[in-house]
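The data below hold one chain only, encoded as structure tokens and taken in the form predicted on its own.
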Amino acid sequence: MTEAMSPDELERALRRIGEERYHNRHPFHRMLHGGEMSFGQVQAWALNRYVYQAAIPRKDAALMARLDDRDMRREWIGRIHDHDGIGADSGGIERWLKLTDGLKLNRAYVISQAGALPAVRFAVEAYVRFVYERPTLEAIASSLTELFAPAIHAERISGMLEHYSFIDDGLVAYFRKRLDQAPRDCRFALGYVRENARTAEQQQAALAALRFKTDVLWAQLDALYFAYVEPGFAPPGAFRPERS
């Protein structure tokens, strides 16, 4: 592509990436939301997803360290507060740990990440490194999976409450909170990308950054599917559900 798109055309191209590549299309998530997983498989998902949740504030801090604009830092720091907490709000990481507590996983074990799959850890660290190393436009564009997140959170809330007797409303508090937080965050990020991706080269870089992020999310589910669904071979040292 040699000609730049209009901001509206760019936004449509970004949204098409979500329609085609977002991880709600992965068979692992379809099983999870459809009630097809055992208690141990849900445990494995929550434990491994914690690796990603815990890395989000580090990713955002890595971006903030490179922002010269004070107003942008004031905007972006809210993402760290969302996950680490501030004041009376204990934050998203704590809400995720309450989910793993409810799934009878030892909290210290979850926080240690000792039982997480190697491929999950590698994918998450690749995302943190990407945001740290790539230009600000690409780093911000990679966060735009939040455009698609509310739909998957709503699906997850209804599906897990309907299908799993061991999930109650208190355990899905993280997802309920993100129904409001994610749209707020992506409004700013999308506005930034629309305004600052002006050349064809910049626009292609922004699209590639979002594709990279969808790959990060997809790779985590690939690892979970291989380890806990088919063929069901978890690597040495990884979490192994108790047999019922």
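Since this is a predicted model, take the numbers as computed values, not measurements. Just count from 1 along the sequence shown to find any residue number.
One more form of this protein, predicted together with another copy of the chain, exists but is not displayed; see below.
- Although another copy of the chain is omitted here, in the predicted complex none of R211, A223 and V229 has a heavy atom within 4.5 Å of it.
- This chain lacks the partner; the member of R30, R176, R187, R66 within 4.5 angstroms of another copy of the chain in the predicted complex by a non-hydrogen atom is R66.
- The stretch among 178 to 186, 198 to 206, 34 to 42, 56 to 64 whose residues place heavy atoms within 4.5 Å of another copy of the chain in the predicted complex is 56 to 64.
- The shortest heavy atom separation between G85 and another copy of the chain in the predicted complex is within 4.5 Å.
- Another copy of the chain is not shown here, and in the predicted complex it never comes within 4.5 Å of any heavy atom of E155.
- With a 4.5 Å cutoff on heavy atoms, V120 does not count as touching another copy of the chain in the predicted complex; it lies far away.
- At the 4.5 Å threshold, heavy atoms of D169 stay clear of another copy of the chain in the predicted complex, well away from it.
- Heavy atoms closer than or equal to 4.5 Å to another copy of the chain in the predicted complex belong, across 123 to 139, to one residue only: Y132.
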